[in-house]
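Shown below, as structure tokens, is a lone chain in the form predicted alone; questions about how it binds or moves come after it.
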């Protein structure tokens, strides 16, 4: 007896955003269905994975993470090239030294570092500020100018500093990350404000904020899932692709070893699986760009995406 598979029919689609230029340009978004449901609609572009780097050598990383970048942690350009060798679709540069408490580097200094990194790689570049709204508002426009014409992704723009960052993106020809704190209405509102500055909707990427596995992932999953369904139902202010800043969430919690701590097995293996599980879960919710730290995480996530991108017969 034949079984008829029920298929959801959507009235709209996700926006497609192009990043970078040349043969390594990537496109994200453009789906007409929920993640990986190939029998219901089109998924023209697979989710992509970035490795993140910093403009200063991280001091609190575990040895098994630092060791995979041995010899390049003090050189952002060399570090970026190493990420490309590991197979990263993009490189995400954190301008950590611009933070007022971590060096307070000048906008000009940050722009020079970003330019060096961009020149060293042939994949798209993401540039992330230090997370202090006022400082990022000063730094990112300078970075946008230094990277003019390279079609990078700059962020994060919040409701407090979006005007100067978006203006820099418009002038430099870049896309922007619009960041809001796990609230779908705030995400929509910020996207509306950005488009009112005449930045095209296909140059906006949403950062809804996320939690790592076990630390709020479930709520992040539901927000991203609602964004995807909203986009497919025709909400243009939720139709932008979603970036997942997984690395900073998955690696920030430290274990406190005590006599009562259970034996959870090898920390290296668990840490990588923690990052992989966080990223893949949120990609299934509707995420498009996962930013991770460990190259082994990158490998596992890309393998999973490749399997999910193979249409199944129904």
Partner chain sequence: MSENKVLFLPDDVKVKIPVGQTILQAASKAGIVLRGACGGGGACGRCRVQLKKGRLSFAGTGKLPPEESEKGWILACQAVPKGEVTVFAPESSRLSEHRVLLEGRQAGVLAATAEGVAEPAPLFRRQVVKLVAPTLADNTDDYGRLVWALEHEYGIRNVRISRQVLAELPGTLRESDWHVAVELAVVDDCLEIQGVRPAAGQVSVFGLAVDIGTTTVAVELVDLDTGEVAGTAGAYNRQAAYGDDVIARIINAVEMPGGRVKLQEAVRETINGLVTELLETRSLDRTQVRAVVCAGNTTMVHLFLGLDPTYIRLEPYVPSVNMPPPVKAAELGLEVNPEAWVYCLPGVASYVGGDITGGVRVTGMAGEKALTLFLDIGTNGEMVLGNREWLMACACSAGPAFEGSGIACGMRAIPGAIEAIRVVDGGFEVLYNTIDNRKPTGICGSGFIDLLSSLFEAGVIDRSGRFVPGLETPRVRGGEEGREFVVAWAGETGHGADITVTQADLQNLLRAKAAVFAGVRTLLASLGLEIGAVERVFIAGGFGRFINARDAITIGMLPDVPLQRYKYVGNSALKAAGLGLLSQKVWEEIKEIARRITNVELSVGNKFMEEFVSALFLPHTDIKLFPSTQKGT
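Positions refer to the first chain, counted from 1. From a predicted model like this one, the values you see are computed outputs, not experimental measurements.
Separately, the form predicted in complex with its partner chain exists; it is not shown, and the next lines address it.
Peer 1: Report yes if any heavy atom of residue 196 sits within 4.5 Å of a heavy atom of its partner chain in the model of the complex; otherwise report no.
Peer 2: Flag for residue 196 set to yes.
Peer 1: Considering non-hydrogen atoms and a 4.5 Å limit, does its partner chain approach residue 189 in the model of the complex?
Peer 2: Residue-level check for residue 189: yes, a contact with its partner chain.
Peer 1: Considering only heavy atoms, tell me if residue 160 and its partner chain come within 4.5 Å of each other in the model of the complex.
Peer 2: So residue 160 counts as contacting its partner chain.
Peer 1: Can residue 97 be called a contact residue for its partner chain in the model of the complex at 4.5 Å between heavy atoms?
Peer 2: It does not: once its partner chain is placed as it appears in the model of the complex, residue 97 has no heavy atom within 4.5 Å of it.
Peer 1: Heavy atom within 4.5 Å of its partner chain in the model of the complex: which of 183, 200, 122, 116?
Peer 2: Contact with its partner chain in the model of the complex is made by 183 alone.
Peer 1: Where, among 138-146, 160-168, 78-86, 239-247, do residues come within 4.5 Å of its partner chain in the model of the complex by heavy atom distance?
Peer 2: Every other range fails; the passing one is 160-168.
Peer 1: With the partner left out here, which residues of 49-85 have a non-hydrogen atom within 4.5 Å of its partner chain in the model of the complex?
Peer 2: Counting only heavy atoms within 4.5 Å of its partner chain in the model of the complex, no residue of 49-85 makes contact.
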